[in-house]
Each structure stands twice: as structure tokens, then as C-alpha cells.
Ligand SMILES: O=C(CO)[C@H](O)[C@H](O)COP(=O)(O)O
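Shown here is one chain on its own, the form predicted on its own, set out as C-alpha cells.
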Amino acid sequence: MSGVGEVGDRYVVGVDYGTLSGRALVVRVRDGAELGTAVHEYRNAVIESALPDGGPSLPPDWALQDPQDYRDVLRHAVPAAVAAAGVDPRDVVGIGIDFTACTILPTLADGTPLCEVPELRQRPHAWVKLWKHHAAQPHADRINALAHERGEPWIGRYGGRISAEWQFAKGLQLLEEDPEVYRRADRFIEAADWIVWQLCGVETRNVCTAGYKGIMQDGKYPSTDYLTALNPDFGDFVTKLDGPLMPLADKAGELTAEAAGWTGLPQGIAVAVGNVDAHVTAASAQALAPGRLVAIMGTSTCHVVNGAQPAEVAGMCGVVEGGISAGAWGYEAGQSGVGDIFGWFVKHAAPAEVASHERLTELATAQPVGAHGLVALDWWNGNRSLLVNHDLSGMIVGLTLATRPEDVYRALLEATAYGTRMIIEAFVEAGVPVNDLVIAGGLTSNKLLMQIYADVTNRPLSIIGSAQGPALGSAIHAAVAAGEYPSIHEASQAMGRISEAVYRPDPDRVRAYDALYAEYRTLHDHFGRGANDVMLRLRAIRNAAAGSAASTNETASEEVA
């Protein structure tokens, strides 16, 4: 962290809401210096097996959160970050936030989360559905099938498939599995917009999540006619989503007295429009120019790139005008599991003597490309792009009795790089240039992984100059919302930072990876495009078995009671 600057300096706070915690970062406006940071871990983390406090168990593929954890980040992380920075809170002029997405919750008309309504607290559908809640896949399948059957004009903007992670699939699941909670939900709102509502007392909707996660294209949501064709009671869904739509980096409102009490910041400072963690990072990485793809690599990876014009790219999460920055068409793709896959192997599969990322990386680095004889499919958490199917699962091909832990670990690193190459090639084939990559997120410290990505994609890799890319990006947006810069472009140049072309592709390794990537593509298409649906059948068998076991356990509990 840099020291506090000159008399008269002004500061902004960026708050990054992740999967397990929220981070606050205090940033100096004139140059983007990061002065203090603090993290608050969510008390309930990810709710996957049962609701808190002895609540009912959850089916497979559910992932919920508690909105109180989000408020607690404001109460704890923001004051701690300001204290760590050593700045006078009165010199803070704005606050911005970013969030995982699609992370969405049902609320009353005043913004009260339904899970905080006493009689609904034991209803799973009343809680926040985290981005990696994948139990709505059957609903996403119906949304896609009907859209193609009717020739809906918006489906091509999403690569031909709407994800189970997005708003409409989760909303349809809510309606069909708990219609009472659906009826009680006056609003169905992204957590990014909800927390901004808590900060400034004004409900807004940001163009980023509305476009990428809410199927808003050319100022319109899907028609009532289409929605009622999905389900006669789904025709009012847009009324729950719709709200004042605002561009990124605009001022959503001013900090209320209540939120000032939570954060210790001055009442009345600017609150920036909400944003998504990946998209906001483009500003901190100085990557707003078309053709510079930002890969935000953590538990999952999100790929965002600006283009000069709209194009329909197969398997993309979407293309949205102004979705990353004003004046460009923002494209998004992603991989549902990256760091989570590496973590799974270290935690559950690696022998104790090598069960650390550092040791496995050290051993894997010594290998020539292809020496392990393995190819993996990186679908441990399903496939977001290009296949948009979260019922797919992982695979490793080539295992022998000679296979060692570091072999598997390296194959998993490579598999995620192959998945990114698939995404890049889809962009390029559709006419969206990808000239180089900027990497952000917690995985940039793994030098082997970074070099693998450079070699597999055959492109130079730059590294963001901040360990807190999303939080810095949110702070940059706050500076614009506070009127400190005329646009996000000027703010990005002044406050963002990047180390250019840190990793360059090696021609020999590029050729070796071309051969392995060809095998990956063959497996990808065979198991992901319908030639062999064994993964989907196995998922169905697993879910049926899990449901049977849960039913047996509940019956046994009732008998004991």
C-alpha cells in the first residue's frame, strides 16, 4: 500500500463482493494509489447443503447466500479499510461496488429480502441464489428451446443459449418450485443493484447485469407473449426485474445517513451504479480498448473484451452495448470452474506429501509439454462457454499406473487454458478481434499457469498491476460518479495499472500445445455437443440417488420424532 498523499487529496472506496467474502479498498483519486484494504468473510459463506439454523436440506446443485453477510461487509470491511489507509473519512468523495453475477434475490417492494420475512425464512427460494446455483438447468433448457422455436431475435446475442446461472432461468425455477414465494417477490434484483439500493436508498438497475444476465437487448426484455408461452404465470416476470436503468460509472444516488453510519463515510457522497466483478476490472487493467481481452481468473474465470460493433458469437454469455464501458460493445464469456478445479485436486485427490499448489506447481514445471500423456476436460463445475450446460462434468483421459499427482495437476491447468482458447477462437471466428490477454485475479501469481496460457493461446499475456482488480475498478467507477473524471476512459488511464507482455508464447511449446489442443477439441465436441451424453445421464442418476437418500433420511427423522 502507498502512503497517503498531499493536502487536498481526495479518495474513493471500492467494495468487491466475492463468493466467500467482501473486500473494501481505499484509493487515491489523482493516481489510483491503493492506501488501505480490509476483508470481511461471510458468516454463512455458500449455503449448499441446508439452510442456516437447522433449516431444511437443499437438493443437488443449489448455492445460496445470506444478504445480511453483504451488509456486514459495509459495517466491518469499509471502516477497517479507511482506518488502515490512515485517511480522513471526510476526504472520501465516493463509493462503488461490484458483485458476482448472476447473484440475485427476491425482495419486497421496499427492498426487504424475502428470506428476512419471518414466515418465509425456511423457504429456500426466498434466499439469494448465488451465481453458481445450477439447479435451474432444466428451466434454462426450456427457455432456449422455446426461443429457437419462436425465432426470438435476442437469442443470438447470447451465443444461442441462455445460461442456467442467469436471471430468467432462476426466476422460472422460483415460480415453478415455490409459486407462493414468487408471488410475494415484488422485486427480483441482482445483488449488485440491491446493495447500491441499501447504500443510497434508491432502486436502480445497471446496464451490465440487465444486458448480460437479464436478456435486455435494444432497451427491451423478452416479450410477455414469450414468457407466458413458457408458463402462463411467468408473464409478469419483467415487472419484477424492471427498474431505472443506468449506465456504468453514473451516480446512482448519495450515501444515506443509515449507510453512513454503517461505513463511517460522509453522508451524501456519491454512490456509483453497481457493476459486475469481471466487467469492472477492465477499467483497473487499462483494457477498455477493443481487442484487449481481460481474463479475471479465480474460482472461475470471466472473459470480457470490448468490440467496435455488435456480432453474434456462438456460446457467449452475451454482447451488450455499453456493457463494459460507454461507446463500445462489451462481450462476455466464461468458465464456471478454474481455481475451484485446482483446489479440488489439492484438497481431495493429491497425496498428503504433495498436497499444496506450490509443491505441485514446482513438480509440474519440470515437465516438458505432453510428457504426462493426459488431456482433461475442465467441466468440474459445468461449462459456461461455449456449451452453456452446467450438467456437464469433468474428465481426464490417459491415466496409467505411472501417472503421478503432478501430471494430473498440470493437465488440469492446461485444460482451463484450452477452454480459454476455445473462447478466443469463437470470438475471432465471429469477427471480434482478440489481440492480447490481460490477466487479473488471484491466479496471476502462478507463473507456470500464466506461461501455459501464453503458450496455449499463442498470445502475449499482460498482468494487471493490482492484486485487487475488481475493488480498484469499483473505486475508479466511483471517482467518475463523484465527478472527479469526465469519463471512465480518463479515470482508467490515470488510476489503472498494468505490466505489459510479462509472458510471451514460446514457438516450440506453442506447436506442442497445438497437438494437445486438437485432442481437447475432439473430446470437447464428442462429450459436449451430443455425440455422447453420458455425463448428462450420470448427473440424472446421481440426482435421483441423492433425492432417494434425502427422502429416506427425512422419513427416518419423522419416525424418530
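The numbering used is simple: start at 1 and walk along the sequence shown. Predicted model only: the values in this text are computed from it and were never measured.
There is another form of this protein, the form predicted together with this ligand, and it is not shown here; the text below is about that form.
**Student:** Given the pose of this ligand in the model of the complex, superimposed here by the C-alphas around the site, does the shown chain leave the site open or is it blocked by 3 or more ligand atoms within 2.4 Å of backbone or C-beta atoms?
**Tutor:** Open pocket: the modelled ligand, placed by site superposition, has no clash at the 2.4 Å cut-off.
**Student:** Taking any heavy atom pair closer than or equal to 4.5 Å as contact, tell me whether residue 477 reaches this ligand in the model of the complex.
**Tutor:** Flag for residue 477 set to no.
**Student:** Check residue 129 for me: does it contact this ligand in the model of the complex (non-hydrogen atoms, 4.5 angstroms)?
**Tutor:** Contact check for residue 129: no, nothing within 4.5 Å of this ligand in the model of the complex.
**Student:** Can you work out whether residue 279 and this ligand are in contact in the model of the complex, taking contact to mean some heavy atom pair no more than 4.5 Å apart?
**Tutor:** Within the cut-off, so yes.
**Student:** Is residue 300 a contact residue for this ligand in the model of the complex, using a 4.5 Å heavy atom cut-off?
**Tutor:** It does: once this ligand is placed as it appears in the model of the complex, residue 300 has a heavy atom within 4.5 Å of it.
**Student:** Looking at 286, 100, 468, 420 here, can you tell me which has any non-hydrogen atom within 4.5 angstroms of this ligand in the model of the complex?
**Tutor:** The residue from 286, 100, 468, 420 that makes the contact is 100.
**Student:** May I ask whether 19, 213 and 384 all come within 4.5 angstroms of this ligand in the model of the complex, judged by heavy atoms?
**Tutor:** Spot residues vs this ligand: full contact, yes.
**Student:** Name the stretch: of 421-429, 216-224, 237-245, 291-299, exactly one has residues whose heavy atoms fall within 4.5 Å of this ligand in the model of the complex.
**Tutor:** The contacting stretch here is 291-299.
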